[in-house]
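One chain follows as structure tokens, the form predicted on its own.
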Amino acid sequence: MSEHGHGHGHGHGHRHGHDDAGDLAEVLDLDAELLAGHTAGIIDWLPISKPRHIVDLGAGTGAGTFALLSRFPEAHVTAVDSSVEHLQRLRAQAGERGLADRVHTVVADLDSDWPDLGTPDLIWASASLHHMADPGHTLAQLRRTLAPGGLLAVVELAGMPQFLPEHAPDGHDERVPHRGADWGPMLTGAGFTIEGDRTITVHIERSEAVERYARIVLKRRLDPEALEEALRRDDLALRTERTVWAARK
């Protein structure tokens, strides 16, 4: 679960404005580590019990994939992302965890070529749909892809993660115009039935991981001196908000 522009395929796509691929991969991994408990809680909340085939749409480096595999031990996951590098990292982690036989990766830019994803019982789209050029078209395609009665879980962010209390949450960003949108009307417009939604407020006090996350994000906003001053502050913390919609085909 992450706000990262992994391109149109991650989705578990973070685009914090990082141009450096190494920064982006580290942000994805830090986000996965810091929000692991929140991600697990969201998956537990979903109204689905034993999905056998799951698609992680915009899988990034695998935060959602591995949380889903842990929660649903009989499932296998198709991880979709536009970044070859992220999926290579995901496959390496799957091998290290002994999960290689439960993960299939697909490189795709979902704004152009739609791959054959089978008929999954569950599609997990975390911080990915707001990157799509035409979300309505994408949602219609997802509905066609799902098995009858299948579930789409959409997890989105209100804005960019914040680290200092005086920083107001990011508002509209013309590069990602759908970030912070209310996906409810779009989901019903695409023919889904919304079975529930919830918003989770995240506040994680400073730690080494929070500081590393903050350094990568804030170096885009602050000059070097201000960055070091911010990273020394006692009130440095990860502050973000995630909303999830559970939508039935």
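Heads up: residue numbers just count along the shown sequence, starting at 1. Every value quoted in this text rests on a predicted model; they were computed, and no experiment measured them.
What comes next is about the form predicted together with a small molecule, which is not displayed.
- The three residues D134, L187 and T243 each lack any heavy atom within 4.5 Å of the small molecule in the predicted bound form.
- With the small molecule omitted here, the record of contacts in the predicted bound form names 52-60 of 52-60, 66-74, 197-205, 216-224, defined by a heavy atom within 4.5 Å.
- Using a 4.5 Å cutoff between non-hydrogen atoms, L28 counts as a contact of the small molecule in the predicted bound form.
- Although the partner is absent from this view, L110 contacts the small molecule in the predicted bound form, with a non-hydrogen atom inside 4.5 angstroms.
- Interface membership of A127, defined by any non-hydrogen atom within 4.5 Å of the small molecule in the predicted bound form, is confirmed.
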